[in-house]
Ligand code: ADP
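Take a look at this single chain in structure tokens; it is the form predicted on its own.
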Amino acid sequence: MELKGPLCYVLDYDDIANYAYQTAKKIKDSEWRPDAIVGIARGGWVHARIQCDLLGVKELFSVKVSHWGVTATKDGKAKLTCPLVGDIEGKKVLVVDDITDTGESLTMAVEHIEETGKPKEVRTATLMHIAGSKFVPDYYGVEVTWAWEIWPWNFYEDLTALIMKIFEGEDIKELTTPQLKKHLREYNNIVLSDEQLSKVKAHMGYLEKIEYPQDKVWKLK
């Protein structure tokens, strides 16, 4: 069945732990040991902290690269919105993100870190690498073909955006939960439990995207 929207995969923290461990194993096998880790905000923060634990690194810093795009789109331009703060001069630095995707975030972050931080060496690591990305990290847990990965730290943000796209695509203002389940499968190949959808619904109500509580319907504000 051809999807009406982009293919999406919902990941959980077990997936993240597995991919992070595989990434760390490759780093250890290469016999390279970073002195500091720089996580790319927002997506790379969780992975960066996990790598600190797996690699025994105490020095953790951050840069922020924002994408002016929307959920599940391949475009969207990257912009450095928070520069590096911290002393990495002369250190071996591992720059960490969640996924390569277009590769713009990692490219921009590495260039900025090399120019301003004066590290001894910079290498990169991601949980996932999308085949065909312009940027290939030095280490990654798994290589995949393009799909929109819904990270556990991005779950409510992404589901809200995807559900709003369904309302727009179907040109409707009200859905029952069974109808929404059907559309999520048709648009994005997403299958969620009633409990998950209930939490998403409460979140969208909190954001004032839909009227809440509505026991049986999802109704746009």
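Keep in mind that what you see is a predicted model, and the values were worked out from it rather than measured. Counting begins at 1, following the sequence as shown.
Note that the form predicted in complex with ligand ADP isn't included here; everything after this is about it.
Engineer: Find the only residue in Val122, Ile88, Leu84, Ile130 having a heavy atom within 4.5 Å of ligand ADP in the predicted complex.
Structural biologist: Contact residue from the list: Ile130.
Engineer: Hey, in the predicted complex, is Pro34 touching ligand ADP, heavy atoms inside 4.5 Å?
Structural biologist: Although ligand ADP is absent here, Pro34 would stay clear of it in the predicted complex, with no heavy atoms inside 4.5 Å.
Engineer: Report yes if any heavy atom of Lys182 sits within 4.5 Å of a heavy atom of ligand ADP in the predicted complex; otherwise report no.
Structural biologist: Judged by the heavy-atom cut-off of 4.5 Å, Lys182 is well away from ligand ADP in the predicted complex.
Engineer: Contact between Gly103 and ligand ADP in the predicted complex at 4.5 Å, heavy atoms?
Structural biologist: Contact check for Gly103: yes, within 4.5 Å of ligand ADP in the predicted complex.
Engineer: Ala147 versus ligand ADP, in the predicted complex: is there a non-hydrogen atom within 4.5 Å?
Structural biologist: Residue-level check for Ala147: yes, a contact with ligand ADP.
Engineer: Out of the stretches listed (162-170, 149-157, 25-33, 53-61), which one is close to ligand ADP in the predicted complex, meaning heavy atoms within 4.5 Å?
Structural biologist: Checking each option against the 4.5 Å cut-off leaves 149-157.
Engineer: Note that ligand ADP is not shown here; using its position in the predicted complex, name the residues of 84-101 with a heavy atom within 4.5 Å of it, in sequence order.
Structural biologist: Contacts from 84-101: Asp97, Asp98, Ile99, Thr100, Asp101.
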